[in-house]
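Next up: a single chain in structure tokens, the form predicted alone.
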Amino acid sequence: MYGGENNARMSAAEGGSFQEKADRYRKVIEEKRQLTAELSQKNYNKAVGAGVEVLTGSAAFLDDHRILVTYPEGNTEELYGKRIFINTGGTPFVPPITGLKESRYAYTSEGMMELETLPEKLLIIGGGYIGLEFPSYYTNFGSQVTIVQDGEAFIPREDEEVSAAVLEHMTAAGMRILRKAAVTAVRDENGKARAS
């Protein structure tokens, strides 16, 4: 992850106008999609090669041991299992903020990974580890990043020394961090989301 090629990619975000950075950002997102698709296909091939039957569709429990799979074509199949394991991964938490779910310009962490247009300004709600994955990335590409955290302690689950070092680094890099603040509402206005 820290090899020369990746360092070159990281430095590609630096320099030039915002539009030049936005063009490079778009290319990085395209590369990410290609890599993700390749890895998914490799994982699929590996599972099938090991004898796993892969079914693509939506599933719903009928009872403790039966599920109903609905395939994209509309046909269904009932499956039985003595034990059924659910391993779908996590779902991003959307805080109960007025207008947040309805905003066309508000994104979860998953949605940000698919965003093709580099935002000039980016407001991140929350100072947890998932929310903090994005500020440096977008700051390096030229976005003005503000982080809003409701508590006084920055990254409260970490040691104070670690939190202080991260806070100092992010502030020095140009990120604005608002502590003891809260977003109570979001509304779309003039092609942007406005928080209050």
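Residue positions are given as counts along the sequence shown, with the first one as 1. For clarity, every value in this text was computed on a predicted model and none was experimentally measured.
Just so it is clear, the following notes concern the form predicted together with a small molecule, a form of the same protein that is not shown.
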Report summary line: Answer key: of L62, I130, L39, A164, within 4.5 Å of the small molecule in the model of the complex (heavy atoms) is I130
Query raised in the report: Pick from M113, L79, I84, V94: which has a non-hydrogen atom within 4.5 Å of the small molecule in the model of the complex?
Result: M113
Query raised in the report: With a 4.5 Å heavy atom cut-off, would you call S109 a contact of the small molecule in the model of the complex?
Result: yes
Query raised in the report: Does G57 reach the small molecule in the model of the complex if we count a contact as any heavy atom within 4.5 Å?
Result: yes
Requested in this report: Using the partner position in the model of the complex, report whether T88 sits within 4.5 Å of the small molecule, counting heavy atoms only.
Outcome: yes
Report task. Would you please decide whether F134 lies within 4.5 angstroms of the small molecule in the model of the complex, comparing each non-hydrogen atom pair? Result -> yes
